[in-house]
Each structure stands twice: as C-alpha cells, then as structure tokens.
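Below: one protein chain in two forms, given as structure tokens, structure 1 then structure 2.
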Structure 1
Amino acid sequence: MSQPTFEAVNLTKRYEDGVLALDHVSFEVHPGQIYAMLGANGAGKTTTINIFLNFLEPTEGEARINGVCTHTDPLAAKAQIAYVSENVMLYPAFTAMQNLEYFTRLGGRDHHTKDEYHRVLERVGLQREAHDKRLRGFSKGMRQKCGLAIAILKDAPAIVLDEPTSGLDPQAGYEFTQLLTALRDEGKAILMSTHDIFRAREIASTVGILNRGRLVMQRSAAELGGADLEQLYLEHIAGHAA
C-alpha cells in the first residue's frame, strides 16, 4: 500500500491545566480515502486537527503528512495540506472571485486564469451569477463552497475539514458530500471531523470514534458492513464514559 497521506502516531496532547485532550491516538489516511472522526464536543477531534495544521504541538507522538512531521517541519507539511473550517473565514467585502484570487495568490499559486476561477466555483456548485457578488450576502453553504474552491485550487494531496456539513440545509449538505466523494475518487486524502453520523456512514472509507481523547473504535466501511453506526456510536460512548 502507498505511504499514508495523514498519519497519527501515538498522538498525545496534555494541556498546561493537566487536561488530557488526546491519549495515544493512531490512525492512517491513504490517498483516495475519507477518514471521518466522530465524537462529542471535547472528545479530541479539534485538537487532532489543530495538531495536523500545526496550530498546536503534541505532548507526545507525531502527526505526519506524506511522511513530514507537522511540528518539526511545519512549512513543508503545510504546503501539502488544505483546510476548510466549520465557519469559513473569508473577506465579506470581496466577491467570490476576489476571495478566490486573493487566497490562491497568497498561497503562492498565481498562474490561474479568471476562467479557471469561474470553473472551480461552478464545480463546487456556486451559480455563475453569484461569482461577482460580495460574500456578506452569502449563506453558510455558499461560503463553504468558496472555501472548498480555494482548497481545490491549492491542489494539495491532503484536505482537512472541520464539521463541513454543520448548519447546511439538506440540499447543500448533499452537494457538499457529493463533491467530497469526487475529490476522494481523484486520489485526495480527506480527514474530517463531524457530528453527522449519516454523512459519515455514507461517504467515509474509515470511521473513528473519539471519546475523552481516546480512539475507542475504528472500522473501515467494509468492516462496518450493514451495522447501525448510530447504535455503535452510542455503545462506544456509553461504554467508555465511566
């Protein structure tokens, strides 16, 4: 099998107040896979993502992207990763096209044409008439599409998504997951945190359940088979709550 794009190796994070946010978590995400992290608030999902993004350094272990350790060589690691947050932070006074051009150039990719910007916005499902409108009037789903368009243009092998379907209406959530499936099929490795058990069951290659910083369950789609993921989630959370 190919080298994993994402690799957590005994990833541990203890904060200064003594809280153990991650407890020796290990997993891999290979090209063409989606790894969905499930868990309640405070389970460790955001801490895991922040370590991969080098917003935090681990207390023990390593987070690697294509073999590059994120806290020992952060610039090399960040060059290979694109990030879409739950609340995409773009410039509300800029149009979709202006945001796309600004953030793409900021990332060092200044060779794209306006036609390419239009095409990627259309690919993520943003209607052509919205391309030259300011983001202050956009819905959350429309802003998410702009964030994903920026991630696509970076053309990084690794994509991180933090609660990507939170707050989206059913149609926007469906369109978003269809696009993630297409990116997976193009060979991207996608690491996503989510509360959306239905979407995780639908598109994830592997599902991991975090509880109080520990990876209490990890199963591939094949291993899950016809299992009720919601019931498994409740069992694993209840079984490790004591």
Structure 2
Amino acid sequence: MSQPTFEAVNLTKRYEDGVLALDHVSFEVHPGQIYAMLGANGAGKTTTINIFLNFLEPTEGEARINGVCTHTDPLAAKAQIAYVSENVMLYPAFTAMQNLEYFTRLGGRDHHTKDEYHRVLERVGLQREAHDKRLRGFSKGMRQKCGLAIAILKDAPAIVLDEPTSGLDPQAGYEFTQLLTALRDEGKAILMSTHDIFRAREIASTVGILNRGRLVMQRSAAELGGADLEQLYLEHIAGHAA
C-alpha cells in the first residue's frame, strides 16, 4: 500500500491544565480518501487538527504528513497541507481576490494568474460580482467558499477541514461536499471533522468516532456497509460515557 498522506501515531495531548484531550489516537488517510472525524463537543477533533497544523505539539506520539513529522519539520509539513477552518476568517479590508492571492502566495504558489483566481472562486460558487468586494460584508457561507478556494489553489496533497459545513445552508452544504468529492477524486487526502453524520456517511472513505480523546470506533465505508451510522455513533458515545 502507498504511503499514507495523513498519519497519526499514538497521538496524545494533555493540556497544561491536565485535561487529556487526546489519548493514543492512531489513524491513516491515503490519497483519494476522505476521513471523517465524528465526536461530541470537546471530544478532541480540533485538537487533532491543531496538531496536524503544528498549532499544538503532541504530548506523545506523532502526526505526519506524507511521512514528514509535523512538529519536527513544521514548514515542510505545512507546505503539503491546506486548511479550511470552522469559521474562515480573512482580512476584512481586502477583497476576495486580494485575500486569495495573498494566502496562495503565502502557501508558496505564486505562478497563478488573475483568471485562475477567478476560475477557482467561481468553481467554489462565489458569484463574479463578489470577487472584488471587500470581505467586510461577506456572509459566513461566502467566507467558507473563499477558504475552500484558498485550499484548492494551494494544490496540496493533504486537505484538513474543521467542521467546514457548519452554518451553511443546505444547498451550500451540498455544493461544498460535491467539491470535496471532486477533490478526493483528484487524489487528495482529506481529513475533516464534522457533526453531520449523514453527510459523513455519504462521502467518507473512513469514519472515526472520538470520545473523550479516544478513538472509539473506526470503520471504512465498506465495513460500515448498510449499518445505521447514527445508531452506531450514539452507542459509542453513550457506551463510553457510562
């Protein structure tokens, strides 16, 4: 089997105040796969993503992107990862185009033309009129779209998303997942956290359920088969909560 793009090996994170947010979590995401992390509020999803982005250092274990350890060589790791946050925040004084251009070039891609920026913004569903407007007045959905455009333009093999569809209207959510599957089909490895069980079921290659920092269930789409994911989720959360 090929080298995994995302690789968590015994990831453990204990915060300074003693909270054990992650407890020996291990998983892999390969190119062309979508890994959906489910879990209650405070389960440790954002913590995991923060470690992949080197915003946090693991207490134990390692997170790797294409074999590069995120905390020993963060810059090399980050060159291969694109990120869309739960609530994409961009510079309010800049236009969508300016934000796009800036962050893409920050990611080390500075060969894009204006046309390409426009094309990608249209691809994520941002109307042409909005391209040269300042971010100040953008709605949440519009900002999420810009965030995804930035991730696409970075053209990284790994994409990590933290609850990207929360707060989007049904149609926007649908379009968003369509884009994700398209990216997956281009061979990207995608790691996302979400509370949307149905959408996860629909597009995920693998689903992992985190509970109080532990990976309590992990099944591939094939393994899940026709099982009711919601039922499984509730069982696992309730089972361990007891």
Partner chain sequence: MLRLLIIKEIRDIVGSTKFAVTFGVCSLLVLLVFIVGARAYHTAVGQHDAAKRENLRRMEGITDWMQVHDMNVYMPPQPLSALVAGVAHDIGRTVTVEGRGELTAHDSRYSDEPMLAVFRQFDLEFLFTVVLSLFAILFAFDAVSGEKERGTLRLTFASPVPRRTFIAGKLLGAYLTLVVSLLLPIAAGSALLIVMGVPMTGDDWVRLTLIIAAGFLYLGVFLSLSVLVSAMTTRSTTSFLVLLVVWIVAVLIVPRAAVLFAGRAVDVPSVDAVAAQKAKFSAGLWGDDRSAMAAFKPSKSGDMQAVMQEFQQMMQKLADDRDRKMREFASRVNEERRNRQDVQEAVAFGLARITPAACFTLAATRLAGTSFEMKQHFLAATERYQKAFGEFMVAKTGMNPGGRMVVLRVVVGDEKKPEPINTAEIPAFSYAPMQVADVAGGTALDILLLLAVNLFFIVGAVAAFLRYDVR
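Residue numbering: structure 1 sequence, from 1. Take the two forms, find the largest set of C-alpha atoms that superpose within 1.5 Å, and that set is the rigid core. This one's a predicted model, so the numbers in the text were calculated from it and none came from an experiment.
Inset, instruction - Decide which single structure shows the form predicted together with the partner chain, answering 1 or 2. - result: Only structure 2 matches the form predicted together with the partner chain.
Inset, instruction - Establish whether a shift of 2 Å or more occurs at the C-alpha of residue 170 between structure 1 and structure 2, with the two forms superposed on the rigid core. - result: No, shifts by less than 2 Å.
Legend entry - residue 106 C-alpha relocation of at least 2 Å between structure 1 and structure 2, rigid core basis: Result for residue 106: yes, a 2 Å-plus shift.
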